[in-house]
Every structure is written in C-alpha cells, then in structure tokens.
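Okay, so here's just one chain, in structure tokens, the form predicted on its own.
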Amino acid sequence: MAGHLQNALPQQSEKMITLKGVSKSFGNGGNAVHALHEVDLEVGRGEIFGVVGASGAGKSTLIRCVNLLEKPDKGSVEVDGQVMTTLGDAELRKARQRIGMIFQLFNLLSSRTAAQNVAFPLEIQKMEKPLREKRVEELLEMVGLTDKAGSYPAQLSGGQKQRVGIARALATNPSVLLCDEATSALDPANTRAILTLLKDLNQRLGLTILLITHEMEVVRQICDHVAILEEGRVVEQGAISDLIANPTSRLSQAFFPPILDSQPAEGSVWAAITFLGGSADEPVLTNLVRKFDVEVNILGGSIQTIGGQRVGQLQVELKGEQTQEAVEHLRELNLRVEVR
C-alpha cells in the first residue's frame, strides 16, 4: 500500500505554496467587494499551515486562489514549483491533480456510495477498473471506513462523510491538501477525530496541508504555522511557537488574554513570561525568588498544549531591589519576557 500512497515527486524547494501580492475583488465599481488585498503567504513543504480569521475575512477566497478555482485579479500563486497563474487550461487541470481539497459541507454525490465517491476522480483520470478498485480500497482503509464502502452519504455521520471527502481528495496522490472549514460542520468529538486523521496523514505521507478556519481550537491542535487574516489582509503570520512566544502578538493574546489594562503600582513592574516545551513545567519563579531580592505576585496565567508543544504564560508583578536583574535572568534562560 505504501508504494501507492507516498508522494514521489522530488523536492524542488522548501516552499510548497507561495502567494505574492494576491488581490481579488468581486463586482465592479462602487459595488465591488475587495476580498483580498496584496496577500503574501508562504507555506513550507510538509507543514500544516492554518489561516484563521472571522467570517468575511477572505479566507475561502484565499484558499480557492491557491488552486485557481478563483483567479486572482493580480499577483502570483506558485504551488510545488509551478506558477499556477501562468498555466493554460490543460496545464492547470493537470496541476490540480496534485492539489486535493475538502469542504465544510463535504460535497459528496448523494447517488454514489462511499467507494464510488472516492473512485470518481480516478474515473475522470480513466484509471483501469482493477487498479481503481485497489486504490479505493487502500484509501478507505486509510481513513478508517473499510466497512462503509457500500454506504450512501445519507447513511453516514458527519464525521464519516468528511472521511470520505478526505479519501476522495487523496485519490490522485496529491502533494497538497486544501481544507476549507473542514471541521466547522462537525461536533467536538468528530472535529478532534478529523484533526487527528489530518495530522496522521501529514506525518505519514509528507502531505502539505493548508487549512482555513475561524476556530482557534483547530489552530491549537494541529498547526505548525499560522496566518491571521483580517478584511482581506494578512496581519500576522509565522511559526506558532514564535508567535506564542511573543506576548504582544495577536495569536498569543488570543490564547493568553492580558489580565489587566491598568498600570503597575509605583516601584513595581508587570511582566508576561512565556514558557515553551519543558520549561513550562520548571519551577522558574520559585528559583527566581531564591536567587534575587524580588517579590513575585502572580496575576494570572495558564499552560496549554499548542501544536503538540506545551506552552505556558504567566503574568506577574515584580517588585524589589533586584527586579531588573531578575528580568535579565529570565531572558538568559531563553524565556520571552515582556515588561511594562
């Protein structure tokens, strides 16, 4: 089975998806809706990259520009070494075979069984029936639906429908999987199961996954990198670990909201201390009080698992003769410390 499922294209670049200056509008004149404004985006090969934003931020338009279901008004889109925006119709159809896509509402054909839905893109490719049946069997096994091959969409749960959608998207052995709000129609248990499956496929197949979502919980569970989209503009992007380590970033503040809006008392400072990995479980503040003449008052904080990594943030008040020395010591421990 592995021989059929592994992506065999040689690596051409560390970047799998690159958008440069992509803009897209709908309508004309004063009625035009500007969905994307000069969007730059880079997705590394093998990453799970999340694009997060509120409804109407331009997320769906962005992801549809990647496979040119929507053609940008300007800018370039490159996927796996091909500049999609320069391809003719025949070349574009061939390039899309390397880009799978799954949807919020599954988009299954109601008159076809699960196996027949998965087989559909292979029929379009005119794959011979014995090979097609073997491939469908492999894909259904991969997503845990071997026993549902003969079931119709109306007989499947939401989670099972999305698994069929994932198997169908993988039928042509893509190197990229686009996920358009793929868990938004699912309950929490099915959401976790689908995200776990996507993470497994990413690791097992080396699959690059670009997903859009309005749910920070999706980002927290599986993303390596993230971009935040607001009113068609990317306002922040980067590795999850880097953004979380910066208490002033939008992503960090989404997971760890600032506790207080007022100012610290005279003679004291407030500090947001971010802990990553093993340091999240170390007795850093206890050791700090022992080492320096400083009082530490914990204002709030939490520890979470984000992108598979333990991340903690404490917001504290520091006061004492050696406050500055204590802050520098924390930074020497490779902790991110923001002071005010």
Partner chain sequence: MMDWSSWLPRLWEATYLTLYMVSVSALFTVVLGLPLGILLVNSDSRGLAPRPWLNKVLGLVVNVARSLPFIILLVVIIPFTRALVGTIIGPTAAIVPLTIAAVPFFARVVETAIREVDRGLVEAARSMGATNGEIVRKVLIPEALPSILLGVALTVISLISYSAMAGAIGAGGLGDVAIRFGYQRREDTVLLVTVILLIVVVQGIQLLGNWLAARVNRW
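Numbering follows the first chain given and starts at 1. All figures in this text were calculated on a predicted structure; none of them were measured in a lab.
Omitted from view is the form predicted in complex with its partner chain, to which the following refers.
K.L.:
Each of Arg64, Leu69 and Tyr152 near its partner chain in the model of the complex, meaning some heavy atom within 4.5 Å?
P.N.:
Yes, because Arg64, Leu69 and Tyr152 each have a heavy atom that approaches its partner chain to within 4.5 Å in the model of the complex.
K.L.:
Using a 4.5 Å cut on heavy atoms, which of Leu207, Ile228, Leu210, Leu108 is close to its partner chain in the model of the complex?
P.N.:
That would be Leu108.
K.L.:
Which one, Arg93, Arg192, His214, Lys74, lies within 4.5 Å of its partner chain in the model of the complex by heavy atoms?
P.N.:
Filtering the options by heavy-atom distance leaves Arg93.
K.L.:
Would you check, heavy atoms only and a 4.5 Å threshold, whether Ile124 touches its partner chain in the model of the complex?
P.N.:
Contact check for Ile124: yes, within 4.5 Å of its partner chain in the model of the complex.
K.L.:
Counting only non-hydrogen atoms and a 4.5 angstroms cut-off, does Arg250 reach its partner chain in the model of the complex?
P.N.:
Flag for Arg250 set to no.
K.L.:
Can you tell me if Lys134 lies within 4.5 angstroms of its partner chain in the model of the complex, counting non-hydrogen atoms only?
P.N.:
Contact check for Lys134: no, nothing within 4.5 Å of its partner chain in the model of the complex.
K.L.:
Is Arg220 one of the residues lying within 4.5 Å of its partner chain in the model of the complex, judged by heavy atom distances?
P.N.:
It does not: once its partner chain is placed as it appears in the model of the complex, Arg220 has no heavy atom within 4.5 Å of it.
K.L.:
In the model of the complex, which of the stretches 264 to 272, 100 to 108, 198 to 206, 77 to 85 has residues with heavy atoms within 4.5 Å of its partner chain?
P.N.:
It is 100 to 108 that comes within 4.5 Å of the partner.
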